[in-house]
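Before any questions on how it binds or moves, here is one chain, the form predicted alone, in structure tokens.
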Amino acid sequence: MGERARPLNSAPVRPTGDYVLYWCQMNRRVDANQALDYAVELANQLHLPVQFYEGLTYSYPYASDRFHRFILEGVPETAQRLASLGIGYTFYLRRRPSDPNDVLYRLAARAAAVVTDDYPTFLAARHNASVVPKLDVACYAVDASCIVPMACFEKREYAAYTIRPKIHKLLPSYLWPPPPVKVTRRFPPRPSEFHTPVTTTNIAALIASCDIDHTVPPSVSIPGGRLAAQKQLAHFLQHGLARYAAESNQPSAHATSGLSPYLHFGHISALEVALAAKSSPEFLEQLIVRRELAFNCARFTPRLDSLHVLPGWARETMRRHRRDRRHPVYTTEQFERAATHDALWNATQQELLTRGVIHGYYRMYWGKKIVEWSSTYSGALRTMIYLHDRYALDGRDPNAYTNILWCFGLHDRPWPERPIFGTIRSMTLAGMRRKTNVDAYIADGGTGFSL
């Protein structure tokens, strides 16, 4: 696996283990999953079966009906696909504080080795730092999120123009269909004692039984799971790909892929999408160069919730303009309710509230206006992160955090001086009306695709 896999501890492989455990944290799929491939390869070498473990807990930040449903809708297909391949599957739903919190440790205690996802943000990054040291068995992290592995870059890249030539040079070595998954020893066909059965008919009841935020409903239009991701990709290839270069910045044209939630939750891989959409260099620029620039930033930046990550020119211009008069000024609660004076901004926020996404081009406007209408830059950053963390199906992702920080100058360049923004790029409603069909988007109730 070369640059994709790295050891997370120095513990040895356990020769008496019953299986190799794949701890699925982010890449919630069977196909085109290099982390699962690594676990299968290791298990075949050890003449052992593979156990696929996927957990979902009530306690992750902003746990809600929206995120739970999106994840749970993928479980039946995962179970069916793994059974056909002879791989064991334990899906554990921890619903409340009294439920066991040590299922991973119990499964790892019987494993010859553990393989998990190498992911630079959110829970996977925290778990790999805090949980793995408690395991007494070899554990490996595998990058199954990026096409060109994150480890190919030894330092942080500061803009698309610095990482682009490096990615293009390496891409021919990685842009290939993955081999089919094939185990040499099948897992015994018996359910794990920790397994939570999930069917299309019991998902609502399972969600209702969890101690989570039931005030954030599921997306009104974006179902979760592998099958939904494949259907969305097929729709994009047929109806959007040929128009992407010309119309992707026109939200009402629906020419973007709509795949960002599925990429974030791992229901589809960037590699699969790139191979299917390689006829559009403009789309590959976003899917590969821009997305993997975000992963690179996350990998080499300890905190993505701080303005200190910004380039020096951006921090300096904010220092000089921090006392500029803001009018109007809205609170986080007003932003959350879409209660501003701007009908376009309110429509973008309504799209986030109801669908769980915002069209990528309008998301830039959404963020720039929060900067303009907040009393402080740090307060604007907190508002954007909160709204993404709580509502966005593609939030809590390297792309989400870097897109937010882009509103403050990350991965951008200085522009002509303006109030509040200084030399940070600004966006105006007049510019949006000139470049996009604002009225059509508002009339649609704020519906667009992302990525």
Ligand SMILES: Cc1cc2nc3c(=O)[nH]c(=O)nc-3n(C[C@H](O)[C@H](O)[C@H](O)COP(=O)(O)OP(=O)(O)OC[C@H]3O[C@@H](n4cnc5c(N)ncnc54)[C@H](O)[C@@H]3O)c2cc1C
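One rule holds for the numbers: they count along the sequence shown, beginning at 1. None of these values were measured; they are calculated from a predicted model.
Below, we refer to the form predicted together with the named molecule, which is not included among the displayed structures.
Not displayed here, the named molecule is kept clear of Arg66 by more than 4.5 Å at the level of heavy atoms in the predicted complex. In the predicted complex, no heavy atom of Thr116 sits within 4.5 Å of the named molecule. In the predicted complex, at least one heavy atom of Arg290 sits within 4.5 Å of a heavy atom of the named molecule. In the predicted complex, the named molecule lies within 4.5 Å of some heavy atom of Gln286.
Comment: 355 to 363 is the region of 297 to 305, 203 to 211, 355 to 363, 318 to 326 lying near the named molecule in the predicted complex, near meaning a non-hydrogen atom within 4.5 Å. Annotation: in the predicted complex, residues His388, Asn403 and Cys407 each come within 4.5 Å of the named molecule through at least one heavy atom. A heavy atom within 4.5 Å of the named molecule in the predicted complex is found for one listed residue only; from Thr78, Gln349, Ser280, Ser260, this is Ser260.
Here is the short version: of Trp345, Phe91, Tyr244, Phe335, the single residue with a heavy atom within 4.5 Å of the named molecule in the predicted complex is Tyr244.
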